[in-house]
Ligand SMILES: NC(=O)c1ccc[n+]([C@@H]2O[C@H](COP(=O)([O-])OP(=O)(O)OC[C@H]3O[C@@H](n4cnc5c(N)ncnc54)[C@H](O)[C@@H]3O)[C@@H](O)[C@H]2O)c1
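Next up is one chain by itself, shown in structure tokens, the form predicted on its own.
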Amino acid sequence: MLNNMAVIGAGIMGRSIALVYAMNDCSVRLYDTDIATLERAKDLIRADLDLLVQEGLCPASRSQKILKNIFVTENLKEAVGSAELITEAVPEQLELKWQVLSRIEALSSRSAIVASNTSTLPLSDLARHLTRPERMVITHFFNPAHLVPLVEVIKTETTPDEVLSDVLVFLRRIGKVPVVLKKEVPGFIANRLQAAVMREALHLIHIGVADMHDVDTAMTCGPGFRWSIIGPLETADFGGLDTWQSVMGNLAPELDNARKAPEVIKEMNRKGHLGVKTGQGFYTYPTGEVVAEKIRSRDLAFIRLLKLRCRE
């Protein structure tokens, strides 16, 4: 049974993954090179935990124990030396991940499982320079990791059955819903689906069909409402596959088929409009307080949806 965890990178995903592990009685060493990032991570983890307590997903009596399960460190050897599962959550830069993964492998136990939280990079590329690539998998959590149930799992042809089994048993034990890809594909499953929707959403705005607020509303109050319970394929079953043959036949020639990132996103990046992190994206976030309240409102809605799902 996996109990001793290391999380490498204390950013948005790393700190949230650390909280998931700590809430499930694992000992977690959270590593980052920057002490300020670690201190901020501790504060945000505490705030996330307080919200879970407030909403009844975590007993108040357990909160201090959960926080004590997380030990922060700037020493990579201290983080990974005794870890059974090491989750790498550094930025999506292949060369940076190569450097970090090589250091992890050199400092960790030969029996440790290394799991990257990459959202796009192929496992075959990530493990290219490792001497024990068969001990590495991808476990792709979704933001916020302590609330969203899905974890995409990617293995290689050489991944031992027991490694995959240990990872899946662990993920289910901590309340996650893992899906295992049968083959390696860029973007995995969920990000490919999200990218397809995003491409069409931006196309509809670009050609003047609707503004961004109405496009978002059409999704959250329509397909998104259904998809939180039944996915697109089961939705099609309920609608009738004869109907969907007509729908797809009529619409497929009309859908955007751009093969590059939409120009509107490129232009926003050129202007430094990166979303909540800069205060301006598709929407405006004028102050840090506004951002914090938006995130809190989002997380509250996710928590309440999670509670509904737990009752099923």
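Start at 1 and count along the sequence shown; that's the residue number. These figures come from a predicted structure and were not determined experimentally.
Only in words, not in the display: the form predicted in complex with the named molecule, which the text now covers.
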Go through Gly208, Gly222, Pro232, Pro91 and name the one with a heavy atom inside 4.5 Å of the named molecule in the predicted complex.
Pro91
In this chain shown alone, the residue from Glu263, Glu254, Asp43, Asp34 with a heavy atom within 4.5 Å of the named molecule in the predicted complex is Asp34
Within 4.5 Å of the named molecule in the predicted complex, do Gly11, Gly14 and Val100 each have at least one heavy atom?
yes
Within 4.5 Å of the named molecule in the predicted complex, heavy atom basis, the matching stretch of 111 to 119, 160 to 168, 224 to 232, 173 to 181 is 111 to 119
Is Ser124 close enough to the named molecule in the predicted complex to count, meaning some heavy atom within 4.5 Å?
no
Should Thr131 be counted as a contact of the named molecule in the predicted complex, where contact means heavy atoms within 4.5 Å?
no
Would His146 show up as a contact with the named molecule in the predicted complex if we use heavy atoms at 4.5 Å?
no
Does the named molecule get within 4.5 angstroms of any non-hydrogen atom of Val185 in the predicted complex?
no
Contacts with the named molecule in the predicted complex - residues in 127 to 166 whose heavy atoms fall within 4.5 Å:
His140, Phe141, Asn143
